[in-house]
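We begin with a single chain expressed as structure tokens, specifically the form predicted alone.
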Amino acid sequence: MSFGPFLLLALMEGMVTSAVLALAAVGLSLVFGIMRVVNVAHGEFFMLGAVSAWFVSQWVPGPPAVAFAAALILCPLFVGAIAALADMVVLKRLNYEPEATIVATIGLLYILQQAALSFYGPDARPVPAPFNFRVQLPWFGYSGYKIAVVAASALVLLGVWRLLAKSRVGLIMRATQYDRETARAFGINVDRVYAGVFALGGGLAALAAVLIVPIQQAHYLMGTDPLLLSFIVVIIGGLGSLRGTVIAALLIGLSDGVISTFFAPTLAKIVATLLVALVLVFRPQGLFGRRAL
């Protein structure tokens, strides 16, 4: 193939990375933006989504599409429930103090990781894709499932935006974000809001993992890269900014696809780290974040 088809392939692969990364990073950004909690265990929620998808694929009988549809529903709910429980049992008792919650989520990271190792094992295992047709382009055939991942991610992100911007639930979340004490004085159950936000963040990470696990394999150590990349995306886009997170995910995902195709995957990570350094130096609040008053 000539340069043009290679570039198109790189951009399409980058779009898949961007789609999954945007879902995971939006969950992390929501937790920080509303709760002011830096969730170091976010990557393990991603890992739990992939591992639980493998269990669902083994337990649900019938064609792979049925098991995958069940995983899309059950795994985010399961991981979201674990996240809500962690919030109520651990973070709430720490009164969401920044330093204490960082240490607590580091501990949660190792607990979830070792639990997955105990129940799932050390092996990487595949999850069958729900369908395997290919879209024939003029130069090559491309996975229809990967295109579906991008479309599904876009729909979910649109739903999250509508939830936050157009619904009463989103209004309550934003009120809690601005001033939780005033929100509590007006009768808002802040503890319930925080548990719901933490569950939503974990559920989005799990959903991203379910979408990507037919392309990658489920493994108990697979949460590290999504956690690192999600932090990079959130820092570049701006902590708590949904629009900034999505744009930064596109920037990182597309650059990763192009640089990995034409040069080396390691160089892509170096470029992403350099972008973070430049943002922190010249615009510490991120591209779309608000400057602290």
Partner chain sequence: MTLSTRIWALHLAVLAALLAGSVLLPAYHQTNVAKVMVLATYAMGYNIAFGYTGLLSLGHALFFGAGLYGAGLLVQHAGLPAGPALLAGILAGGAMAAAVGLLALRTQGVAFMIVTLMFAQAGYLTILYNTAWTRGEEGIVIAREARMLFGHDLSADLPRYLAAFALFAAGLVVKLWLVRSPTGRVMIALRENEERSRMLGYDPYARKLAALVISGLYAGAAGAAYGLLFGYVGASLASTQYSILPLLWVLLGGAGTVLGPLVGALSMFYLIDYSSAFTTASLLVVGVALVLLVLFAPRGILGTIRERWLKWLP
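Because the structure is predicted, anything quoted here is derived from the model rather than measured. Rigid core here is just the name for the largest C-alpha set that superposes within 1.5 Å across the two forms. Numbering follows the first chain given and starts at 1.
Absent from the display: the form predicted together with the partner chain. The rest refers to it.
Residue in contact with the partner chain in the predicted complex (any heavy atom within 4.5 Å), chosen from Ile147, Leu85, Val103, Ala154: Val103. For the residues Ala185, Val89, Leu158, Ala165, the 4.5 Å heavy atom test against the partner chain in the predicted complex is passed only by Val89.
Contact annotation for Val135: none of its heavy atoms lies within 4.5 Å of the partner chain in the predicted complex. The closest non-hydrogen atom of Glu99 lies within 4.5 Å of the partner chain in the predicted complex. Put simply, Tyr178 is far from the partner chain in the predicted complex: not one heavy atom of it is within 4.5 Å. For Val190, no non-hydrogen atom is located within 4.5 Å of the partner chain in the predicted complex, even though that partner is not displayed. For the marked spot (Ser118, Leu267 and Thr273), a heavy atom within 4.5 Å of the partner chain in the predicted complex is present in each of the three residues. Residue heavy atoms within 4.5 Å of the partner chain in the predicted complex occur in exactly one stretch of 245-253, 223-231, 64-72, 50-58, and that stretch is 223-231. With the core superposed, Val279 shows a C-alpha displacement of at least 2 Å between the shown form and the other one.
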